[in-house]
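Single chain ahead, by itself, as structure tokens, in the form predicted alone.
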């Protein structure tokens, strides 16, 4: 009889081919690599092709996962899709991905979750609970984003625009056959008081009629169609504090020291946020993994992108103890500790 544990069984990723370096960003942003790199850690990011949607990127990430042969497609019995950039207002990306993968006839359930940068950690808690309750056996969890089509390429939007890139990554969470590989604990939180103090976008406002209206030539009227970050300092301060707090809490609840952690896979929002959070926890810099310099902030995709990249290059190995903290719009935040 199998143990009633959940573990990450396999992973896959996809990033678009188009590389946009800091030097390639339009002059209208009135910024450059000298300003962007030291403040954010971003050197380049990937942008999707014209008409390429979030579910398209997700499909390629799932195909990459399946090509590894660790999980057969027919074994997957649930989909959880985390994104802040769905293809359309509704239906969610879960069913769109299901159809594109040719799985529609299987009628497997699809969940769509919207916790922005914390979406993957929230999804891990959901998947663990489902697996340990015996509801599903193999859950596909995806984090995918196409940011490039909604970014504001002007001076007003530069604080947001320089950060974000497009990408997708996926994992399969399954029932564990051994204690050495299992999700130990996920702790998550939210604080709606920060909803519009941090980064947000009001494009779809159900209180408006028509739902989407703007004058593209009126700089105030078109504000709601773009992401907005009224106080980057507020977001930065909360991110550092909350990621450190929740990481310390989840480790403390498990009776684990930071010295026991092999690798930290933090959400890739800003390299300075992650370094300051690590300092608060006394985590050595060489234990913290990064790829923000290559991909920018891909929101729900950042942590699974890290996992797949550093698993494939041999850095992360089976049995390693991983800490995955995240903080995002909402405010939402959380952390997962697991034996990979």
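Remember, predicted model here, so these are calculated numbers, not experimental data. Numbering follows the first chain given and starts at 1.
Another form, the form predicted in complex with a small molecule, is not on view; read the next lines as being about it.
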Proximity to the small molecule in the predicted bound form, single hit among 293, 60, 272, 287 (heavy atom within 4.5 Å) | 272
Listed residue that, although the small molecule is not shown, lies within 4.5 Å of it in the predicted bound form (heavy atoms), from 127, 93, 199, 142 = 199
Is residue 328 a contact residue for the small molecule in the predicted bound form, using a 4.5 Å heavy atom cut-off?
-> yes
Heavy atom to heavy atom, is residue 37 within 4.5 Å of the small molecule in the predicted bound form?
-> no
Is residue 113 one of the residues lying within 4.5 Å of the small molecule in the predicted bound form, judged by heavy atom distances?
-> no
Is the gap between residue 282 and the small molecule in the predicted bound form 4.5 Å or less for some heavy atom pair?
-> no
Mind telling me which stretch in 99 to 107, 253 to 261, 67 to 75, 160 to 168 gets its heavy atoms within 4.5 Å of the small molecule in the predicted bound form?
-> 160 to 168
